[in-house]
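The chain below stands alone and is given in structure tokens; this is the form predicted alone.
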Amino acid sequence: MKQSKIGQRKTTQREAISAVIRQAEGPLTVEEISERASKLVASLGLATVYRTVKLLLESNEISIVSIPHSHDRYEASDLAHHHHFRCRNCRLVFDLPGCILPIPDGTSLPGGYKVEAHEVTLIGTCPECNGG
């Protein structure tokens, strides 16, 4: 039987949930994960998704993404630095490639602030909602 990084056995449900998170174009809520993974494993319950997300967090396979005015979302933890875009219409959240703020870690800002890291979420309408 296959073992995960934290000693838990790999199940069809766990593999489907992990695949859904890895293949997403942006971070997903538990409900979005459940909806997508249920298409791969019909008997998947929401409680199983919550338990699996907790296990994947504990094993550092995924990380939490906090988006303003949204539930916590989850994405693979091994992604390169990037930012997010939240659509006001469809409420989907997308990964934006690269970094739009060229502020290196360690930068000192006026007033004595020292940058250790940054996260950016842009809000607007996605191409699909814009009609193209």
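Position 1 is the first residue in the sequence shown; the rest follow in order. Here the structure is a predicted model, which means the values were calculated and not measured. We call the rigid core whatever largest set of C-alpha positions still superposes within 1.5 Å between the two forms.
Note that the form predicted together with a further copy of the same chain isn't included here; everything after this is about it.
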### Query
Taking the shortest heavy atom distance, is Ala19 within 4.5 Å of a further copy of the same chain in the predicted complex?
no
### Task
Spell out, yes or no, whether the shortest heavy atom distance between Glu119 and a further copy of the same chain in the predicted complex is within 4.5 Å.
yes
#### Entry: Close approach of Leu101 to a further copy of the same chain in the predicted complex, 4.5 Å, heavy atom
yes
### Query
Taking the shortest heavy atom distance, is Ser66 within 4.5 Å of a further copy of the same chain in the predicted complex?
yes
### Task
Would you mind picking the one in His81, Lys54, Lys39, Arg88 that has a heavy atom within 4.5 Å of a further copy of the same chain in the predicted complex?
Arg88
### Neighbours of a further copy of the same chain in the predicted complex among 91-117 [non-hydrogen atom within 4.5 angstroms]
Phe94, Leu96, Ile100, Leu101, Pro102, Ile103, Leu109, Gly111, Gly112, Tyr113, Lys114, Val115, Glu116, Ala117
### Query
Relative to the superposed rigid core, does the CA atom of Ile103 travel 2 Å or more between the shown form and the other one?
yes
